[in-house]
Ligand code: TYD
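Below you will find one chain, with nothing else, as structure tokens; this is the form predicted alone, and questions on how it binds or moves follow later.
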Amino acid sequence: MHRETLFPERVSVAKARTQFVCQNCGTVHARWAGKCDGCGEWNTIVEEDPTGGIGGGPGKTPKKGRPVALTALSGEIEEAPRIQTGISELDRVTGGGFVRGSAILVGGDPGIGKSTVLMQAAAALARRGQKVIYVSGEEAVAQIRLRAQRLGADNTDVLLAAETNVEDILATLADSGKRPDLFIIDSIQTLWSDTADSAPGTVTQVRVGAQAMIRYAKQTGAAVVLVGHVTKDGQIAGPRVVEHMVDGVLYFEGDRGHHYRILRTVKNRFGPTDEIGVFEMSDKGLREVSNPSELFLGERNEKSPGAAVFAGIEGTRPVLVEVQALVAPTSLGTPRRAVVGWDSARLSMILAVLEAHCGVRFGQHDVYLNIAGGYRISEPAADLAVASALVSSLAGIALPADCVYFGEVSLSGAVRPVAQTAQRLKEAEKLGFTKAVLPAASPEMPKGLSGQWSGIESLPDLVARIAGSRRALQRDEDME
């Protein structure tokens, strides 16, 4: 008699393997824990079944591979066919339109306008005779129709569906006849597949759904747009591998207190990165802003101390924005440093350089720095404009209203040249600015510009220039 029959309680049963995955960063843990070791977030670890989804199933024998053709690196290059929406700001961000067979991931805060701009793009393409399918996992068809009526897009041939199952969506696309030119999924976090046992929104389900949609785009040649939720840190929720899988990643930025929105490219395999498109929110949807510099400088107070105009570059577009600084005496033991729209560590560096090399003391003052309009600056060329605004606020004297500033400041106090000087100056002159303070080592100025460009070599030269303007102003007041 078999041993298992005599001692049935000793029969070992294979326990289904499980793993614990962080829903914020995708880190896999051997057991459940309250805090993730990868990202440090609390209560984000969820138990999942690794046997489902991509690569699931232990013990599966892999199929025999087939050889693929190898070609030389040199050869003819075919430009990727694009679908232009007619919305110039959206086409600029995507590099000239949606590329057929590509997958684009669009992220942003709730209510920022992701669904709105995609509905406007879908309607614009439908009016041009393109086949567009819009699948929503968050709203019913009636809700989508209400938004389309508000945007004036209800008279187009956009096809709608409200579904979250991946297999049902793919079956619907296959049964719709001609493959769509543009296919929109809103959002990727709502999709779920029968091949994974975890709940919708988990790392496994997001990965499975994204891979299925990307595979459909590559096989059929349809342009696929995936909408993604973001975490409290502003990153797209789910595994970061999704951002590596898609061909482009766009972020919708903006402050609810302001009426403008910025669509920013952070990844694009078919065009430039760091490109921006500027929109203005209205009751009829998002309106294009062809000249964002006028928008960011529209409410500028030219006689206020602590304000400097920065000539920046976003992708291929020059943008002028106002940098505002407030330096006020403090009663606290530790002065406060508050920054909105810029890097706080960069502000600390500029303050340290001003104190060490220029003798400007901020130890007994609170420092507040703000980029007007809720705009966010990432390039180091704003160092000179920030330093000018800080010194202007501390000295209590307004900077020239017709002057722009740009340049990178090093730890030694030297002012380094930055790229695309000509584009910055041309944009400034187009908006009526006749003066500029820039690095002395900048390349030769472009011809045809009639402004007064002042080059400085170090930060003490800038402080001396501002102090000299104050003495000149006091002399004029004494003469009066």
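Heads up: residue numbers just count along the shown sequence, starting at 1. Given the structure is predicted, the values throughout are model-derived calculations rather than measurements.
This protein has a second form, the form predicted together with thymidine-5'-diphosphate, left out of what is shown; the following refers to that one.
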property: thymidine-5'-diphosphate contact at T265 in the model of the complex, heavy atom, 4.5 Å; result: no
property: Any non-hydrogen atom of P110 within 4.5 angstroms of thymidine-5'-diphosphate in the model of the complex; result: yes
property: 4.5 Å heavy atom contact, K218 and thymidine-5'-diphosphate in the model of the complex; result: no
property: 4.5 Å heavy atom contact, T116 to thymidine-5'-diphosphate in the model of the complex; result: yes
property: Contact segment among 389-397, 312-320, 333-341, 145-153, judged by heavy atoms lying within 4.5 Å of thymidine-5'-diphosphate in the model of the complex; result: 145-153
property: Position in contact with thymidine-5'-diphosphate when the complex is considered in the model of the complex, options G373, G254, G285, G201, heavy atoms within 4.5 Å; result: G285
property: Single option in K131, H229, R82, R92 placed near thymidine-5'-diphosphate in the model of the complex, where near means a heavy atom within 4.5 Å; result: H229
